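Before any questions on binding or motion, here is one chain by itself as structure tokens, the form predicted on its own.
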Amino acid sequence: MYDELLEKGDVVDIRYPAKGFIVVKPWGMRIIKHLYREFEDLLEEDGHHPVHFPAVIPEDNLRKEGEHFKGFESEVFWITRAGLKELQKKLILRPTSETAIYPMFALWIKGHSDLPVKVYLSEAVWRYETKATRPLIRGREFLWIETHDAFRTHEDAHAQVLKDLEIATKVIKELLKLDFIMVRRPDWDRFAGAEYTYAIDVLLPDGKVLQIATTHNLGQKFAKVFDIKFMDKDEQEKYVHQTCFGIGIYRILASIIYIHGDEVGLRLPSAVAPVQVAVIPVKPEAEEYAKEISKDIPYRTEVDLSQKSPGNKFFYWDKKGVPAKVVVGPKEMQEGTVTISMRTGEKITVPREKMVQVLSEKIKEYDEGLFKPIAIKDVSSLDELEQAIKEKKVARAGFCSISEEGKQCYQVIKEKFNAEVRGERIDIQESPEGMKCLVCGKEAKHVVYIAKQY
């Protein structure tokens, strides 16, 4: 169904002649611009400043932090030749920006008055994805936002990680109406080079979870590698504490399409719909009336003056995911009314003077109706886990440990079900008291979530 929704919504074109790379079409790019705007506004309210960094990173930079290099070495695109010459020093296309930005932080940060530093990039990154690719979900080039921050103390860094999650919640859950689980990743699955990783996963209709955002406390690992130091108030030279926050714009768009879409086409949250209200004259003589009333609508509005039949106009805007249509014809002109037709199928005729009020109410109802809680099933055995996976649900279970000592139990789950231990919730408190690890039977130290993933 997902591929059909991409086609109906005219979001991307997958026929670009390089595997793993796609073309984003105008409607898809317009949605993406609104996604960027929602996140960027909140990041800037939080004190982040936009920056641009080159798409290429010297090989030496990537190799400096050993764990980070090991985590990305197999995924990078190498640049070894320029024109007719072999490069003396290889470059890589940016897979993520830590090793591009942090050498510059070492030049910018000298004293405690320079801190905090909080910047963000709205850029493309490139990773040589060797698994099967899927448009917007898994590819070799994708759009995202990443923040990179430096602080005086560990406490300041941890506070920023929590703020990152708050920003993600405001956009993803409150505006986009996507439910998610917010988890601390197991140690074997944290970001390469991080002390800990917090992640946001959505559950797609096919029963697999999709990671759409992560925030990482990097501690002082990168600071020590790249020599990012400052003179503190006590006149002692210290290393900064760092965080980074990755927001998967492509994957969030995929989640909107896959989770909210239906058999007709897209159903877009009003916050990111390029057109929130389509005004449709059903007869040529109603076109001027349509233009006139469109000026009163305080939403992103387009008047459909195409030569399509009324039915084709309705279908066009419905498959594009537009929340509301305002339909006018000779009858509405004569009576001074409009007919509001929602993407849900609801229709209501109201006096023109009440149009804005009713539109506001109906669009709010439409947005709230998009939200569907994630399907979660409690399990206490591998057999129950298998059933939860078959039912396309996220399993919740007791687990012995999310540190390295629990990796052996994770491997059993991975090999038997090709599923992943996503981690333990951080947005709600869950006690493992009285629970046993569903694999080894030892006393559970954590309540974890398990599912197949993209």
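Just so we're clear, the structure is a prediction, and the values are computed from it rather than from any experiment. Numbers follow the displayed sequence, beginning with 1.
Although it is not shown, the form predicted together with a further copy of the same chain is what the next lines describe.
- For the three marked residues, Ile376, Ile428 and Tyr454, no heavy atom of any sits within 4.5 Å of a further copy of the same chain in the model of the complex.
- Among the residues His154, Lys347, Lys90, Lys354, the one placing a heavy atom within 4.5 Å of a further copy of the same chain in the model of the complex is Lys90.
- Exactly one listed residue, out of Lys33, Lys392, Lys407, Lys416, brings a non-hydrogen atom to within 4.5 Å of a further copy of the same chain in the model of the complex: Lys33.
- Contact check for Glu443: no non-hydrogen atom falls within 4.5 Å of a further copy of the same chain in the model of the complex.
- Residue contact check for Arg37: one or more of its heavy atoms lie within 4.5 Å of a further copy of the same chain in the model of the complex.
- Although the partner is absent here, Asn61 sits close enough that one of its heavy atoms falls within 4.5 Å of a further copy of the same chain in the model of the complex.
- Residue contact check for Val264: none of its heavy atoms lie within 4.5 Å of a further copy of the same chain in the model of the complex.
- Contact with a further copy of the same chain, judged by heavy atoms within 4.5 Å in the model of the complex, is confined among 358 to 366, 135 to 143, 175 to 183, 333 to 341 to 135 to 143.
- Scanning 2 to 19 for heavy atoms within 4.5 Å of a further copy of the same chain in the model of the complex gives Asp13, Arg15, Tyr16, Pro17, Ala18 in sequence order.
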